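Next comes just one chain, in structure tokens: the form predicted on its own.
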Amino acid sequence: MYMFKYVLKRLGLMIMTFSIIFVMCFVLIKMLPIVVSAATGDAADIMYAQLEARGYIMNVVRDPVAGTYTFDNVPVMIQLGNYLTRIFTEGDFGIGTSMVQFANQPVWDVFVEKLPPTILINIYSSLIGVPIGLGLGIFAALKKNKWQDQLINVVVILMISLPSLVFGLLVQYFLCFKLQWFPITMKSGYDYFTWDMFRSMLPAVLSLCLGSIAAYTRYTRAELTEVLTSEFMLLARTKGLTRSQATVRHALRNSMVPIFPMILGEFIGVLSGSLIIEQMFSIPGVGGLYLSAINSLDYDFFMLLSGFYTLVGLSAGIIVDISYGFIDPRIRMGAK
């Protein structure tokens, strides 16, 4: 009962937070001028007609000689009402206006097309980073204060201090340019589950997972080290368990309680992708689309992707909090 009330409360707070962020983004972005430089001639006529039909502009007048338009903006709150009405009644998230390659295309269709590469590179990153990070963390905890532990700590501190942008540059220079093990950019096409496509994704995957490996190693070492020095571990050893038996049966299970929610949050948050890494390796995902939408002031793309990233971040936080109660039965979220 406590958990049910807690979940409802968190969902209500998430919806309220998402609504506030969404409205703020819409109002602030609509205070900027409308940009429709991606189309000319008949294409521009179609685009302006669609914008006017969607309640973004009014009193559209075209100069037949210069081919330019003059128009008045609809009040922002009326635009917000029209926008939400279209989403909930028609599933219409708008059209592209400022990016030439997506002009007059439905925003939702482009988003769905760009989503698989972002999901794949982040899932591959998690699948590689989680076991390596946990393994290094366990090894460092078992070799505490020895040279192996010191070496791992130095490497971890170095990797945590560097952003993924630096890892991307190093991977591009050494693995792609010098050694030529991988292509610098991702292979084009939609055959996402072929070896050539996976190989072309690996540079971006490695750039993303190096930071995750360092984080998992640090947290695992810290938690396991604390558990190994607990009193119940001494009791387990006095009852006849060997060091390896006590570690596997008791220490690992207890140390994973705070670590597994972090891993779960990582998996839930894979959809958010990495904006910079996708741009560096020409990944045709939503990260690059988001940056292009911001630079081009393409408002409908910006709103959809901002809502997507916000929702993923909020959902990951809730999933992590709720998972504590399922991983450790002693924890009752929402109980007094």
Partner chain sequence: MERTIPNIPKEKFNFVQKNDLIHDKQLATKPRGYMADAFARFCKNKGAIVGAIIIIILVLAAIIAPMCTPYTVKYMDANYKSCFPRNELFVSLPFWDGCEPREDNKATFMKYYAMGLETGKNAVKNQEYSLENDMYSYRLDSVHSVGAEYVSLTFEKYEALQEYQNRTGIQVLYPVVAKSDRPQVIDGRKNDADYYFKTTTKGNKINIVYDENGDIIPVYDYYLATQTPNDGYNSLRIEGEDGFINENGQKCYYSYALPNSTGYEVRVNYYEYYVYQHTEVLKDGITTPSFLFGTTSEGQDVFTCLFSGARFSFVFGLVVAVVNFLIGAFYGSTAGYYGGKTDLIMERITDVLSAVPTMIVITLLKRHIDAGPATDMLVLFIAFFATGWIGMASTTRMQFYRYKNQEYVLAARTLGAKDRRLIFKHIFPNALGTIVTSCALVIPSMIYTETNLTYLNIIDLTAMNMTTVGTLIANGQENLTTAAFIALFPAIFLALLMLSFNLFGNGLRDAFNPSLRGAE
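Predicted model, so just to flag it, every value in this text is computed and none were measured. Numbering follows the first chain given and starts at 1.
What comes next is about the form predicted in complex with the partner chain, which does not appear here.
Candidate spot 16, 158 and 291, all three in 4.5 Å heavy atom range of the partner chain in the model of the complex?
Yes, all three are in contact.
Only one of 248, 78, 235, 184 comes within 4.5 Å of the partner chain in the model of the complex by heavy atoms, so just point that one out.
Selected residue: 184.
Just one of 133-141, 107-115, 252-260, 212-220 has heavy atoms within 4.5 Å of the partner chain in the model of the complex; which?
Checking each option against the 4.5 Å cut-off leaves 212-220.
At the 4.5 Å heavy atom threshold, is residue 192 in contact with the partner chain in the model of the complex?
Taking the distances in the model of the complex, the answer for residue 192 is no, it never comes within 4.5 Å of the partner chain.
Is residue 164 near the partner chain? Define near as a heavy atom within 4.5 Å, in the model of the complex.
Residue 164 belongs to the contact set for the partner chain.
Please check if residue 126 has a heavy atom lying within 4.5 Å of any heavy atom of the partner chain in the model of the complex.
No, no contact at 4.5 Å.
In the model of the complex, is there a heavy atom of the partner chain that lies within 4.5 Å of any heavy atom of residue 25, even though the partner is absent here?
The answer is yes: residue 25 has a heavy atom within 4.5 Å of the partner chain.
Across 296-316, which residues bring a heavy atom to within 4.5 Å of the partner chain in the model of the complex?
The stretch touches the partner through 297, 302, 306, 309, 310, 314.
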